[in-house]
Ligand code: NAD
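Presented as C-alpha cells, the chain that follows is alone, the form predicted on its own.
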C-alpha cells in the first residue's frame, strides 16, 4: 500500500429525528450560556423559534446571512456579537448561514453549533469561503470547524425538491474531488464512494416522496460524509471554478456546483482513472462524468450556467481567473481546455473531454 496520511477532524455529531431538542444541552456542554442564533432572512422564524426553545441560553438572533458569505454582512454580524456579549453561535440553515458562523469564528474563535437544513456538507469542513469586491477567497483553519453538528431529519422534510437536488449535488461534488485529491487516502476514498452511492440512491427517492424520512436521513448521512471528505483533503479544479463563478457573477452556490461538476470530472478523468472507476461504481454507470450529468437531469436540476444568469461574455474572464492562482489538480491546467469546459457548462451540453 502506498504511503498516505490521514487526520481526523475533532467535531461532535448528534444525528437523529428530533435531535434539535438537544441544542440547549449542547450549548451547556460547550460551557456557554449566551448563544447568538444565525439564519438567513427566509429562515428567521425558525431561528426565533429555536431561540425561544433555548430560553435564557439565547441572547439574540441575527438573520442576515447571505450567499457566498459577504464580508460586509460578517462585519454587521460582528457588531451583534459584541453588543450582545455572545459566547457562542448557533447556525440554523444551509451553506449561507453556516458560512457566516464560520466567518465569525475565524474572527473571534467562538465555539459553533451548526444545525444544517440542507445537504451542503460544509458544516463538517474547516473551510471558509468569503466574498469581497466581487472576488471569493477560501481559507482552511480549524478555527472555523464547528464544534457540534446537530442533524435532525425533521428539519429537512420541508426542503423544496429543487434545493434538495442541487444541495445534494453540491455535496456529491465534495466527494468527487476527494477521490482524486492530492491528499486522497484509503479512509476518505471509502467515505467518498459510500457518500456518492448513498446520495445517488436517496435523492431520486426524495423527489418521488419529499416526506420519505428514510431517504431524507440517508441524504443527511451522505452529505455529512461528503463534508468530512472535503474537510480532510484538498480542493481542485471543480471548487476553484465554482468559487470564481459564484464570487464574480453572484451565481447561486449549489446550482453552480451542480452544473460544473460533470464537466470538471470529465476534464480530470484522463488523469484520475481510479477515482473515476470508484465514482462510476457508486453511481452504477460506466461513464462517471456522464453519470453525474444524467443524475442532475433526472433530478430536474439545472445543467447550464446560462440558466443561472451568467453572461456568455464572462466565459473568458472566468477561464482567466481559474488560472490566476496556481493550485494542484490531477490534470495540468490548460486555459483553452478550461474555456471549452466552461463553454460546455454555459450551454448545458453533456460533458466532453476537452
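Numbering follows the first chain given and starts at 1. Note that the structure is predicted; figures quoted are calculated from it, not measured.
This next part talks about the form predicted together with this ligand, which is not shown.
- With the partner removed from view, the residue among 237, 282, 103, 230 that has a non-hydrogen atom within 4.5 Å of this ligand in the model of the complex turns out to be 230.
- This chain is drawn without this ligand; in the model of the complex, the residue among 244, 120, 165, 179 with a heavy atom within 4.5 Å of it is 120.
- Remark: residue 278 does not count among the residues lining this ligand in the model of the complex, judged by a heavy atom distance of 4.5 Å or less.
- Although the partner is absent here, residue 159 is a contact residue: one of its heavy atoms lies within 4.5 angstroms of this ligand in the model of the complex.
- Not displayed here, this ligand is approached by residue 42 to within 4.5 Å at the level of heavy atoms in the model of the complex.
- This ligand in the model of the complex comes within 4.5 Å of a heavy atom belonging to residue 155.
- This chain is displayed without this ligand, yet in the model of the complex the stretch 111-119 from 200-208, 78-86, 111-119, 187-195 comes within 4.5 Å of it by heavy atoms.
- The candidate spot formed by 263, 315 and 340 lies out of contact with this ligand in the model of the complex, as no residue has a heavy atom within 4.5 Å of it.
- Residues from 48-71 that approach this ligand in the model of the complex with a non-hydrogen atom closer than or equal to 4.5 Å are 67, 68, in the order they occur in the chain.
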